[in-house]
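Below you'll find only one chain, the form predicted alone, shown as structure tokens.
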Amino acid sequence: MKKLSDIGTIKEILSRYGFNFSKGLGQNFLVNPSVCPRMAELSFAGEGVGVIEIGPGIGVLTQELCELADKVAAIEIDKRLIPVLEETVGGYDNLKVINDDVLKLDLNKLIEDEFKGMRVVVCANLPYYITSPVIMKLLEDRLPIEAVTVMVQREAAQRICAEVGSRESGAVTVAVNFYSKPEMLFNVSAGSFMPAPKVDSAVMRLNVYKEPLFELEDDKKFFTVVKAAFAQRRKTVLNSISSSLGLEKSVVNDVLLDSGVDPRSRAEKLTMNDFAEISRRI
């Protein structure tokens, strides 16, 4: 079995296939041998578990997941990497490589087709530029998954894992907390990748709720209100919501007061209950 975290091995394989890293796809392959085993273990991959991996690259994390899980479905958008993966991890009979864009895939159907009778988790080293869209698709599609373990830019992980109502929180913090309980696992230095990115990364796990925290009549309205509140962070929640949604200030002011929220507050001070109450009344 090839040592896929070895820089020399990676360069030799990629050279044979004439592969060049794509900045547009945010490609950075892990070369720190201690990261992927730890990440795979913390993802809850194991007996009776099916894993969706997003962006396997040359298969460093894939290899670890295949050793632990009953089955792995690895989704890779770059068709140039398909023959590479065939060489590096093609020997695993519990692996299916899918050449597609995860943002366009019907993941509920994939789970139904590939993981019948299994518990399902997601594990991925996500390109920075699609972190939020991928995470929100995984959560908003209400997939039958238990956890999402992902490596992302450390700053993004800190924001997502921040406490709702704290200074570090943002719209994505509220959105992720609506569907799951985020948990920071460990940091990963920039030097753990080839090529090395300009910033450090972190691995976090989203422990997905079987049911969302709040039963809302209209989830979309809830998230519209959250985005509006954070659209102009330096403004009061009154000004930001009224400006972003095109509503009269007097109307928004009454809604906020009826929801028990000080109209002069900033969005980062609001709790999940506050946002839920505002969305119900607006």
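From 1 onward, residues are counted along the sequence shown. Owing to the predicted nature of the structure, the values given are computational and were not obtained by experimental measurement.
There is also a form predicted together with a small molecule; it is not shown, and the following applies to it.
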Non-hydrogen atom contact Ala73 with the small molecule in the predicted bound form at 4.5 angstroms: no
Contact label in the predicted bound form: Val176 to the small molecule, heavy atom within 4.5 Å: no
Interface membership of Cys66, the small molecule in the predicted bound form, 4.5 Å heavy atom rule: no
Heavy atom of Val255 within 4.5 Å of the small molecule in the predicted bound form: no
Position in contact with the small molecule when the complex is considered in the predicted bound form, options Pro212, Pro127, Gly165, Pro182, heavy atoms within 4.5 Å: Pro127
The unique member of Glu146, Asp78, Glu114, Asp200 whose heavy atoms fall within 4.5 Å of the small molecule in the predicted bound form: Asp78
Candidate stretches 229 to 237, 247 to 255, 214 to 222, 50 to 58 - the one whose heavy atoms come within 4.5 Å of the small molecule in the predicted bound form: 50 to 58
